[in-house]
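Quick heads-up: it's one chain on its own, the form predicted alone, in structure tokens.
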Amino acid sequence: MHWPCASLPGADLRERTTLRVGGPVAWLLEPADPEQFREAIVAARERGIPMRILGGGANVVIDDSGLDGVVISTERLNRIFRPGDLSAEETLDEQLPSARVAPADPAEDPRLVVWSGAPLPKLCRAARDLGYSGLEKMAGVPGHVGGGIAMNAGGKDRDGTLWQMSDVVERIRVVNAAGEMEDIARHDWDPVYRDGRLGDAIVAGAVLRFEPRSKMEVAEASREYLRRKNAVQPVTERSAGCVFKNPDPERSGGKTAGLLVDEAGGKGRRRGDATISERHGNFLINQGAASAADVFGLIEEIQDLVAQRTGLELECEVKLWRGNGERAAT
């Protein structure tokens, strides 16, 4: 079968996820630029083949038995650069495929142009090194930019202050339902907490705007937040990030998913090598050779445990790819 980009039949996806579980996919496609990305999406749609988008693999559990259809990886769409003069009227046609001459002083235009496969840790480092503030609290968050925007990745401080990817987005370039590139300005985008609400549109790239600050200040803020995160989350272990979405605070009494799991006795529960972290109740970790079946079963067990104790049904934040053709960007 011919595809418009590099392709690999029967590719194993296990090592392409942060949890390190899963089986092969019928076809893995690896576009090298946003236009190839669009063409790959269109090709899969025109052939009626089930399609999924795989970014950094940080928010997904893939079935052990493997997947039919196509997985399009954003691994090679790994570009971050500073724009030249980008007026509000311009589209991203020239900005996304190639870099332009950057201004001499980063503070003159505190923006970065990114492709969807740019790793979030790399983006955070680039912003830090330029003295761009806005992503300090994303330090240590895995995955790719495309998935971060699609799910509006972020979190809440102890005082309830919300921070998320949408805070720094100026414009998004997506492949829309018609298979065309489309630019979405921030004022036309209506994301909510942990949901970019992009529908069938798939992120190809974005322009991000930051607040210029001293490099030392941005670096220290990033280090401090990472220190706090390391103290309460299993950052160095193999996980898929937060398993469950935080429930409506009015129904949960303001309790997070992690606290509900903890109070229900979920910490330390395990199936095979799949274990709920003792450090944080909303993290499921692979302690060795966990299978996807172990992970699926443990997630259902924890949901039942919390439901029996509180009457609340925890909704998965992590994407469960069971071979049903669901599309997700991570």
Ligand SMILES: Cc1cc2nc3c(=O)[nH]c(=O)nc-3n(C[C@H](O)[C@H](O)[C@H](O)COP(=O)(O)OP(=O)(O)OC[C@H]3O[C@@H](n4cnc5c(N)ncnc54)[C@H](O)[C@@H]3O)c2cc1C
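Note that the structure is predicted; figures quoted are calculated from it, not measured. Residue indices: 1-based, along the sequence shown.
Just so you know, the form predicted in complex with the ligand exists too; it's not on screen, but the next bit is about it.
141 is the sole member of 141, 123, 207, 257 with a non-hydrogen atom lying within 4.5 angstroms of the ligand in the model of the complex. A heavy atom within 4.5 Å of the ligand in the model of the complex is found for exactly one of 252, 233, 78, 176: 233.
Listed stretches are 179-187, 128-136, 145-153, 213-221; the contact stretch with the ligand in the model of the complex is 145-153, by a heavy atom cutoff of 4.5 Å. Among heavy atoms of residue 241, some come within 4.5 Å of the ligand in the model of the complex. In the model of the complex, residue 229 approaches the ligand with a heavy atom inside 4.5 Å.
Of the heavy atoms in residue 114, none are within 4.5 Å of the ligand in the model of the complex. Interface membership of residue 82, defined by any non-hydrogen atom within 4.5 Å of the ligand in the model of the complex, is ruled out. For the partner-free chain shown, 53, 54, 55, 56, 57, 58, 59, 60, 74 of 48-75 come within 4.5 angstroms of the ligand in the model of the complex, judged by any non-hydrogen atom.
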